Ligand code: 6PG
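Quick setup: one chain, the form predicted on its own, written in structure tokens, and binding and motion questions come after.
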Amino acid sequence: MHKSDVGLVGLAVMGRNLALNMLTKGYRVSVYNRTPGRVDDFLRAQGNNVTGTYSLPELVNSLKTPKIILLMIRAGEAVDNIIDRLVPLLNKGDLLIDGGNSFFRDTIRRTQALGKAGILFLGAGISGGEEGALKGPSIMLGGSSCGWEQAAPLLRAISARAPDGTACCAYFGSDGAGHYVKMVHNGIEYAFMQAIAECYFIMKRLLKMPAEKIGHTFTQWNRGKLSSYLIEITGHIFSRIDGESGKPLVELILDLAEQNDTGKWAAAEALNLGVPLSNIAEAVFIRYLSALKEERTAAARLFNSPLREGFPKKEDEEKNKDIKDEDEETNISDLENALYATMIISYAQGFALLGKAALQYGWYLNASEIASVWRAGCIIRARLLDTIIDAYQIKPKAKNMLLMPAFKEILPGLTTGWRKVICLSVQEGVAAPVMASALGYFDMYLTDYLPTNLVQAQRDYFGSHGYKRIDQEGLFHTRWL
């Protein structure tokens, strides 16, 4: 019996597609799932170069030495349970790879614990969804450097390829570095998705654009500076019509956005490290707010909200018609600029957090390399990343993207439309919290003297916390009464 090159635990959509990906690249794969039926189904579909196993000992015994096992299971306790069951079956030098959305601190703990037993461990952030898993995802690695050397040929072979042919797969440092990069990636993804949704809401509510035209607009945007995976799929979403009702399918979906924990972890980590991550935090909070469906419906009725479904009165229709007729092309251009600026700010905040984390945890988080890994296969791939790569190659130690010459050239040309969009959304009560948060961050970051001097005076007044002065050295306290 031929031994397999790699074992895979977990045959849900991502695990199944990664197994298929490895098979197409010529690797022999052994698969295991706690539900035997999934193994049977996979074997029926794929008979060549795959070995089905029905227990962990059988999986381990089917592999070449040193053994490589990829875990594609739900993050959290399930990963620890599988690791605990595998450890007695493994030898020193064998490698475990956790390809789930694990919390980076769990990856740090697991790397240390397994290292004491002589077992190599990698935390792999894998982005791209089910299509990426099958055709080539973006892979972000952290953990054992020896484990990376052992697994690099396999992981590079199955990863996405950037336009220049480079594998979108890289090792970023010890223990939790890979899962940290993936966490920030997902946070940026949250911000992008919410900002896109805000543009859709303005198009629908204020510009009164039908779904078909909204979809066409996103498709047009994808041919320009906003070119990205998320803009592309948004255009596709608006083209899908429900077969029963004849309505756009997106309009029949309940306005309740679920989430995994990665966005929440990114926001919490930013608070821990003192990095302003307002776009991502705002996007997480909006998902929480979306879950309050019954409360929102009750509030809309209580306040007689003009945005309530089916509400529009005659005067509101006339007002919205004025907005729509004002100059639709200009409105769309302003929206495009606001969304592009928000994307830039979201990337800037994410890379600022990565820079602080590199110092905090002793990782090598090269911003240009991270942007390169995100160029293909992942959810936040975008044309803008080429500009970010070039910018960081020129100023690799920049503390913030906004300090780079490239963005000094780009952002001023976007601000007029950006401000018009935010003013319009506020005036008409169509919330655009992530795009507004991005503008607030931009304005505050460009302000060399903030009103936080008053905040510190208040703190000194009620708590005797002291303050520093702009004209003298030292720490001061005033008895304000």
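Note that residue numbering follows the sequence shown and begins at 1. Here the structure is a predicted model, which means the values were calculated and not measured.
From this point on, the text means the form predicted in complex with ligand 6PG, which you will not see here.
Residue contact check for N260: one or more of its heavy atoms lie within 4.5 Å of ligand 6PG in the predicted bound form. Looking at H185, you'd find a heavy atom of it within 4.5 angstroms of ligand 6PG in the predicted bound form. A residue is said to contact a partner when one of its heavy atoms sits within 4.5 Å of a partner heavy atom; F172 fails this definition for ligand 6PG in the predicted bound form, lying far away. Although the partner is absent here, L114 is not a contact residue: none of its heavy atoms lies within 4.5 angstroms of ligand 6PG in the predicted bound form.
A single residue from the set K395, K225, R296, R287 has any heavy atom within 4.5 angstroms of ligand 6PG in the predicted bound form; that residue is R287.
This chain is displayed alone, yet in the predicted bound form one of G93, P210, G76, G129 has a heavy atom within 4.5 Å of ligand 6PG; that residue is G129. Residues placing heavy atoms within 4.5 Å of ligand 6PG in the predicted bound form fall in a single listed stretch, namely 185-193, out of 354-362, 242-250, 200-208, 185-193. Applying a 4.5 Å heavy atom cutoff to ligand 6PG in the predicted bound form picks out no residue from 70-88.
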